[in-house]
Every structure is written in structure tokens, then in C-alpha cells.
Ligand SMILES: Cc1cc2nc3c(=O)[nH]c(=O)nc-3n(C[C@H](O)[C@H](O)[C@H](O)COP(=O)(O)O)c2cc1C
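Only one chain is given next, in C-alpha cells, and it is the form predicted on its own.
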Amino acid sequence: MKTRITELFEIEYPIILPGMSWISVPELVAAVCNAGGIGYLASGPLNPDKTRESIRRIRELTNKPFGVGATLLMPGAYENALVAIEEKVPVLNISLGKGENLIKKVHAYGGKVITTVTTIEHALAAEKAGADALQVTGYEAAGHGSQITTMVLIPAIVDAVKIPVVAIGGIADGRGMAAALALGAEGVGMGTRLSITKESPVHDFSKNKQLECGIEDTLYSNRFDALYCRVLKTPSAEKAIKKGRNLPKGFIASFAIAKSLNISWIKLTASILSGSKGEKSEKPKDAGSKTNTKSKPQEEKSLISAILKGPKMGMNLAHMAQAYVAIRRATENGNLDKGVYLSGQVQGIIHDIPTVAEVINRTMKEVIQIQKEMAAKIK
């Protein structure tokens, strides 16, 4: 299949594995790339050294184009993006933040940038900033999707911009892909579908739980991690959303996050409180080097400045820290009693756990057959 996305990324099929934390690891990314699509490494849970190590691992597993995802709202994301740039990754996917500087750096070595958006306003801003393509995430998607359905959001953004659009949200097979292409998209993301595959690192219990659930068995709320987010409907998720913000537990959880990212707790806190754009350091770190941090007085001054912006910022920190721990429990350990799992509404039309190659191959066969059938109907 030939679209502007396949040409832009130099891939066989316009099918994308989004960068999902603790899911889009090197092995799954490479499996998608080797099957003809493209995967993005999720750098959110990684520090710069781990990001570099993961990029090099992907290159050991595939010689196909791949990407790295950077959620700029999160602490350490900009530093991870700089590592990806130093490693000259073919594609950088940026989200939740301004990325003009990163886009220029990627373009300098011939790489491509795709920006994740959920509104027309953000789509236009990303195009103006120089993004090569847009990843448009609709209401149906797992995690942070729009409040507008894919069916409406995709054509609205396609009409508003000139760069190619990838549709995400509500797509798990050839039917969804054919619909997205008809709406004007030139590629699709299939996060939930590709997370329920043999190569996916998601715990088997969580995979099988999704197979048991229907299209109505998800929850969509901004009371889980401070942004509108879709999760698998479980007693733990319902409890987390009902209770909402828990400042003490959130701050306790933030210490674990700081340790995993190899940065000081003060820097982590200041970064999230200030809605970090991450553009603090221009120097990527070499593999094996220690993460460069601010001096103690600088960090403390930054933290004080951030706190003065208001208590709402602190509550958002609590949200994000609690969510970080809960999502990891459900994803890696299959602990749905205390954890919360991100899942899209398409879980209800997924009924098996095939290989990545099987998913991609049958999706392409289905979409080609659907296109033929539709062409015959309109003669």
C-alpha cells in the first residue's frame, strides 16, 4: 500500500505502534517494524542511558525505520529526545508540549517528526512548528484521547492541515483501517490491538482480561492522572477515579519515579509542577554517563518558583505520580486489584492473541478486500 505516510517513513504498510509506556519496548517495536509497519519506543519510563540502550537494542533486532516517542510534559522527556536525536532515529514522535527546537534538530540530519494531537488548534500549531505529520488520537483510544470521536476528529483535522494524518482510536482491524482511510487519514495506529499480541510484554493476565471485556468496559475521566484518559473498567480503576486526587500518596509515589528516571526528586517535582517543556539541557548524555542535573540551590529555587504557581499544579503532580505506579502494576505485573490498565474501546472486538505479523498481515488483507467490495458497490 502506498500513502504519504508510507513514503514519509519509508515503510511497507501505514500501520503504527504508538509509544505506550512499559508496552512499546524494543522487542515489540522491532516486531512491528519487521512486519512492515513502524513502532515507536516509549521513552517515558526511561532515563537517557536506558533510552540510548533501547534504541541500540532496536537496531540489533531490525534494520527497518523506527521511532522514539517523547511526551514533553513529563520530566526527562526532552533529555530522552536529545538522545534519540544524537542516535539519529528515523522518526521522533512528540506529544504534550512544544517541539519547535526538537523538530529543527531532527530535520538537520534528515529525520522526520510526527506530533500527537487531539484538537484542531493543536494540529495547526504542530503544522506551523514544522511537524512532518500528525498522529490524531480520538475519543475511543486508550490513554489520552480527544473528547471528540475519531469519526469526527479525523476529517476535521484533515480538512484543516496540509500534512498527512495518522488516525488512532477505535482501530483494530481492516474495517477500522478502511474507515480511517476513507476519512482522509493516510495511516493508522493500533495501540490496543498490537498490545494484545504474543510479542507484547503486557502481563498475560491483563491481556486475557481485555479479551473478556466488551466495548463498554472502559472508563474515561480526568480524575485518574489529571488529563482525560481511558482505562480498563475494573474495581481498582473505578476506585481511583472516584477518589480522585490524593496528594500525600502522590508525593510518596513521586520518589519512586525520580529513582527510576535517575533524577533528583526536587528536579522531578519542579519539572511537573511547572508543566515542564523539558528544554533545559542541550547536551545529550553518552551511554553510561550520569544524568546531568541542576545544582541543589538551582533546583530548590526552581521548585519554589513552581509551587508559587498554585496548589493545582501540586495536585496534578499527585495525579501523575499515582497513575505512574498504578499503570505499571497493571501492565508489567498483571495486578488489576491495585493497578489500572490503559485500554481502548476496541478491546471488545479483539478476541485472540496472535503474533504481530499475523495482525498486520490480516489487517492489510481485510482492508484490500473491503476496498474491492466498496468499489464494486459504487459502480
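Residue numbers here begin at 1 and follow the sequence given. Everything quoted here is computed from the prediction, not taken from an experiment.
There is another form of this protein, the form predicted in complex with the named molecule, and it is not shown here; the text below is about that form.
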Quick one: is Gln371 in contact with the named molecule in the predicted complex, heavy atoms, 4.5 Å cut-off? no
Indicate whether the named molecule has at least one heavy atom within 4.5 Å of a heavy atom of Thr197 in the predicted complex. no
Check whether Gly344 has any heavy atom within 4.5 Å of a heavy atom of the named molecule in the predicted complex, and answer yes or no. yes
Taking heavy atoms only, is Ile23 within 4.5 angstroms of the named molecule in the predicted complex? yes
Please state whether every one of the three residues Pro48, Ala81 and Glu86 places a non-hydrogen atom within 4.5 angstroms of the named molecule in the predicted complex. no
Listed residue that, although the named molecule is not shown, lies within 4.5 Å of it in the predicted complex (heavy atoms), from Ile114, Ala180, Met190, Leu153: Met190
Taking the named molecule in the predicted complex as the reference, which of Ala142, Leu92, Leu134, Ala240 has a non-hydrogen atom within 4.5 Å? Ala142
Options 214 to 222, 165 to 173, 104 to 112, 120 to 128; stretch whose heavy atom lies within 4.5 Å of the named molecule in the predicted complex: 165 to 173
Sequence-ordered residues of 57 to 72 touching the named molecule in the predicted complex, heavy atom within 4.5 Å: Thr71
